[in-house]
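Below you'll find only one chain, the form predicted alone, shown as structure tokens.
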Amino acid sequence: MTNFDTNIFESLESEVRSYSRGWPAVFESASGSWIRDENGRDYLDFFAGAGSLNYGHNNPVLKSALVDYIVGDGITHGLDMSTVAKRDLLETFQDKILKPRGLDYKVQFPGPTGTNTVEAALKLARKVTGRSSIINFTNAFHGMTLGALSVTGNSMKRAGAGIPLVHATPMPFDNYFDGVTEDFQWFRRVLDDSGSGLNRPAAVIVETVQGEGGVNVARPEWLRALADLCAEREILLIVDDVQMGCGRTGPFFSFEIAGITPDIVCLSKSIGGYGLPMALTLFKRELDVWGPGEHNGTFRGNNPSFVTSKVALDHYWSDDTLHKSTLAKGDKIHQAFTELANQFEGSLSTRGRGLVQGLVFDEPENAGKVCKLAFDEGLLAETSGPSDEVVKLLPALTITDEELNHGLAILADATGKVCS
């Protein structure tokens, strides 16, 4: 038998791993907002699976339904076959999410990840319009497969493609020029100027809050203006709600605050409820021009995810309790971060919406230092932004006020040590 290095992760796993480098522990179990390593040490989780665990680790309500389904020999793998689990989810999604919001979307199950739903959205937009170009925004992140990567802004991630990423044109996100340049001035000009060289785009893809890009928050009026611009010029509007949907900003969809109805919506991460892989692509009924099997994927029928998703929608989205709680907890984080920014005036600022909040460091390396100190004290938090200058918080929406206060105290202490 071959003798491997005792650290199997370093000896066998690819160098591409990332989170394990910042959090050097071997995790074994988790519950709610806590995760435990193999030595029995507990860590408060302000990361929540990059937004895949909005309802916490091993949520007991969802776990019970999942265990019952598995023990009862429920369908696990079903491609796009009709199953009881899928029917229950579709009926619940229609009754709890779509109808109360006046949304008449068709539902597509692409592959089970965020980049899969983005790929489906881009492909559908091109099929509907017959155009190939897509407009994206500065500092956007939409996924790591080639189509999604072409509309992503991060240069390091784009470099991994190994080929030219084409048929996408970036435009400035809200406040990219710090208010100096009028919103959409350049966008309108190049769309209407026959000499601009810009091909008429099939679609615009946007995040209402750019998580990986540094917690950049689009104002409701900016989103409304973007929606109007797209409608005026017959360009489809795609909202990527993979990380910011499912209540992360307060309402179920992050675009609700702007009062807009995107043509296509991308969901993944917490739509599965339990952290199981699942993605949805939603689109207006008239856009459903797919032929049977024209877009498919072996794992688009993850029935255990249908089960936990259905229960999460029933349990958390039958009223506005979670919505209000998320906004209140977001205000608590914002207040704590504002106090830190005032304490270290000129070094820090803050931005966010709901339970995605960012503490922005003028000296980018300090964000990583704070996260390292926080980890040493038992808190998981990550950095984001083009220079990793933002400490980004994505706690579970179900986190308690006591847990939130505990984590914020750790962050305040770490920030004080780094910035003093």
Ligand SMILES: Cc1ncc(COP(=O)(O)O)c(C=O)c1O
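For every residue, the number given is its place in the sequence shown, counted from 1. If you're wondering where the values come from, they're calculated on a predicted model, not measured in any experiment.
Beyond what is shown, the protein has a form predicted together with this ligand; the following relates to that form.
Thr113 is the sole member of Ser150, Thr113, Asn302, Gln108 with a non-hydrogen atom within 4.5 Å of this ligand in the predicted bound form. Of the residues given (Phe141, Phe255, Tyr274, Phe187), Phe141 alone sits with a heavy atom within 4.5 Å of this ligand in the predicted bound form. Using a 4.5 Å cutoff between non-hydrogen atoms, Lys269 counts as a contact of this ligand in the predicted bound form. Although the partner is absent here, Thr249 sits far enough away that none of its heavy atoms falls within 4.5 Å of this ligand in the predicted bound form.
Although the partner is absent here, Gln243 lies within 4.5 Å of this ligand in the predicted bound form, judged by heavy atoms. In the predicted bound form, at least one heavy atom of Glu212 sits within 4.5 Å of this ligand. Residues within 4.5 angstroms of this ligand in the predicted bound form, judged by any non-hydrogen atom, belong to 142 to 150 and to none of the other stretches in 142 to 150, 84 to 92, 69 to 77, 165 to 173.
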